[in-house]
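We begin with a single chain expressed as structure tokens, specifically the form predicted alone.
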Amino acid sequence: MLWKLAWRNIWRNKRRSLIVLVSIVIGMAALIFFDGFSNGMMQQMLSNQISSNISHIQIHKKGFNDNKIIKNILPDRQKVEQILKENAQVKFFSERVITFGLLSSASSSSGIYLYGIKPGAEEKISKIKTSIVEGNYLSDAKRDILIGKKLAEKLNVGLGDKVVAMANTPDGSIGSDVFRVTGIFETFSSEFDRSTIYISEQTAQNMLGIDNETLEFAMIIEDFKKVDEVKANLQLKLGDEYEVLSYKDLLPMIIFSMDIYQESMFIFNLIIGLALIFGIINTMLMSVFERINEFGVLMAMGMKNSRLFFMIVLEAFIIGIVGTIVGLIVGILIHIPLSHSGIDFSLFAEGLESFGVGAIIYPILSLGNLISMIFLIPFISVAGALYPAYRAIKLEPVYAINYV
């Protein structure tokens, strides 16, 4: 009977109940949108970095990540290759020669980060092949080079133009070679496009005088959630002479930002919750004062304070449940098309690309946050009704019946 009474009491003042209900729906939909947008941006930033050149796990000589010089050649590359082939969790891997250098054209020059890669293996690790906007991917030709679009604009070069790459060799001399631009790529990151070039691994080895040597193994594993487990296993087998780094080690700022996002989501939920709870308290108090005579009659007829208290709390709980369900539906209906088409921030493309996000952000809902929201709103509704319900049960029946 209390459920029926609570439901009828809610709609006795339809306008007030609808205002509270709409506020809950808007609050729930806003939480879903904010969570999807923020989580999508963070996940996109991480995914873009992993798919560009970071990969899931990298292996170097110990100390290479702190001092990326050509002298830190990976010891016993055959041993590393064999261990990777034997690990069932390693899906793809690729060798890389990496160094800093200088790229010059007829009109300008720029500092660059040089990658010597095996084209066939690298296209399974990174998306550099699919990021080409002009020309073609690296072929077997020794003088082919891929450069970023921003770098091409800076050097004022296009497809077929010649450029000269220079870098230090292990003995301290300068290695250099002439290349012809075979492809221009454009990724999510303007900084990456402005500073990165790709040539074949063999050409890089010849240019730097490190025949048949490499500096890095990058890999993609079957389940990225097991990255810590795979990393520990590889480190154990390789020994202390090597450093095995996951994307968590290589992208500490992004991982930190994702942790901060989780904390900020709690604060955002709290702000929305406080706004709702004050609205519910105000609404329920007004409802209580309007029905003082009724409460007096009910108490005079023998209704226990606990049942009266429960009835008022139940009214708020029903409003919270209905608002949560409707808000969830509205939020999901907004989220689904945006998750497919993305939210276009082309006006802020340059700023977003500097953060490695991209101009279009695809919202991604977090299941954990979604579940917490579903339980949060009804809880807030009940919490907001506790004080008005307490005020109601403190009324004296005689006073309440005669209240004007």
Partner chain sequence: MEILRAEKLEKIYEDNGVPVHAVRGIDLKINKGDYTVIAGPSGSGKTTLLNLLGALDKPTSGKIFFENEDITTKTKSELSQIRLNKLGFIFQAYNLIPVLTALENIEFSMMLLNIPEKERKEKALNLMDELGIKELANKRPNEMSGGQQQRVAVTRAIVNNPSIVLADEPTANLDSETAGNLLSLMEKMNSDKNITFIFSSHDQQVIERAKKLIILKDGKIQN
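Numbering follows the first chain given and starts at 1. This structure is a prediction, so every number in the text was calculated from the model and none was measured.
What comes next is about the form predicted together with its partner chain, which does not appear here.
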With its partner chain left out of view, choose which of L298, V80, A218, L276 has a non-hydrogen atom within 4.5 angstroms of it in the predicted complex.
L298
Go through I321, M303, V227, I73 and name the one with a heavy atom inside 4.5 Å of its partner chain in the predicted complex.
M303
Among 263 to 271, 245 to 253, 289 to 297, 156 to 164, the region lying within 4.5 Å of its partner chain in the predicted complex by heavy atom distance:
289 to 297
Taking 4.5 angstroms as the cut-off for heavy atoms, does R307 touch its partner chain in the predicted complex?
yes
What residues in 377 to 397 sit within 4.5 Å of its partner chain in the predicted complex, counting heavy atoms only?
E396, P397
